[in-house]
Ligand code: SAJ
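Form predicted on its own, single chain, as structure tokens, below.
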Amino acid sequence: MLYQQVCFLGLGYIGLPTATLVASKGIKVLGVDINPLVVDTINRGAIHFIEPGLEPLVKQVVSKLNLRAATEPESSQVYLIVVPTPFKGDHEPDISFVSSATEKIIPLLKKGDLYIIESTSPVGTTEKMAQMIFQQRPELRGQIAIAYCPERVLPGNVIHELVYNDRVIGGIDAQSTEAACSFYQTFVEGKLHKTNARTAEMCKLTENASRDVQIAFANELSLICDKAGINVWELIELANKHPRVNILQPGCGVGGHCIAVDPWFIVSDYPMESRLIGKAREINNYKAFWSAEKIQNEMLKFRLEKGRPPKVAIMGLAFKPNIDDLRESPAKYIAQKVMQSVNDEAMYIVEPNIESHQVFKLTPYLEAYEQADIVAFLVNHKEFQELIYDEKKIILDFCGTFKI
């Protein structure tokens, strides 16, 4: 089927790049966001976050009138739900954004339309949304296609991966799966793997839970090695010489909108069956707490030994290297926790990928590194890798900048 009008609900880190790619194929795309500033920014051909290669493409498709943004949806042939799905309370998934976005387009739906959820969702969400649609529009039962297709991209390389990564597509029935595949074929060059909606939903959660468990193993090793007086970076490098061993690198925790969140969706629905997944989440959360405590202990030790307060540099706030995304960032949590214990110590907070922050006063990384007595590397940004190790400083390397 030839799609001529597509509506994206959500213009964030996934919604905007995907909408832009679809628009680059000559399809008229309307992007919807509740934030008027985001809408205005996109309609100027600009973007509201950092993603390499995205802004020139947005400018191009906006200038050709293939992409425009608004605060309300309009009648289209395809509707994609690309809104956040955080958790609430005791790590219970919150699908209220998905529900609200769906409610907005129910009056617009017509025979032959395609509705797709891309937002990471608990198992059964697509079926719930279908039920909600058919309760209000019973005449559409069997007349529209409803499917789930999760994204699986790496921030910093989103444009490339949206095109070339394989996609898992699951409809509420076979016809819906086929319709969704037909749509994704317009801009995806990776393979399209067909399944049902529940399996596609669980696939997304499984991918991120698997990564979380693997990172938890590395982080737990780092705790053990710290106590045993072993260089964890050297240990992992040597262990990975085994042909069937591939241990990941430890860090100061796990952040971001996927790996730090998605495993809880499984734990919430299947608490007795997901003990390993739940424990991995606890370990990775604890690593951030442990890291903050480690910095605080070094600050106290410095004061007792030197007789003066230390100057402390916190290097990095993003949840991973070389991006501006601070969502669920363990580094941000560590910086906040350390600053809560500050008396008269000088603190330098560094994040080279953002210009300012509403809570932290940011310092250029070269200045912070030069001035500080204690330097805590939380995120291995490329700028930090250019620094020369200074034996006169107390270096706390939580992310492998110097591998010490």
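Here the structure is a predicted model, which means the values were calculated and not measured. Residue numbers run from 1 along the displayed sequence.
Separately, the form predicted in complex with the ligand exists; it is not shown, and the next lines address it.
- Here the marked residues Asp33, Pro84 and Leu114 all miss the ligand in the predicted bound form; none has a heavy atom within 4.5 angstroms.
- Contact annotation: the ligand lies within 4.5 Å of heavy atoms from the stretch 153 to 161 in the predicted bound form, the single such stretch among 96 to 104, 137 to 145, 296 to 304, 153 to 161.
- At least one heavy atom of Gly253 is located within 4.5 Å of the ligand in the predicted bound form.
- Taking the partner from elsewhere, Trp264 is found to have every heavy atom lying beyond 4.5 Å of the ligand in the predicted bound form.
- Although the partner is absent here, Lys332 is not a contact residue: none of its heavy atoms lies within 4.5 angstroms of the ligand in the predicted bound form.
- Contact check for Ile259: a heavy atom falls within 4.5 Å of the ligand in the predicted bound form.
- Between the ligand and the residues Ala288, Ile169, Val78, Ile215, the one pair within 4.5 Å by heavy atoms in the predicted bound form involves Ile215.
- The partner is absent here, but in the predicted bound form a heavy atom of Lys320, alone among Lys194, Arg198, Lys320, Lys311, sits within 4.5 Å of the ligand.
- Residues of 192 to 231 that come within 4.5 Å of the ligand in the predicted bound form, judged by any heavy atom, are Lys204, Glu207, Asn208, Arg211, Ile215 in sequence order.
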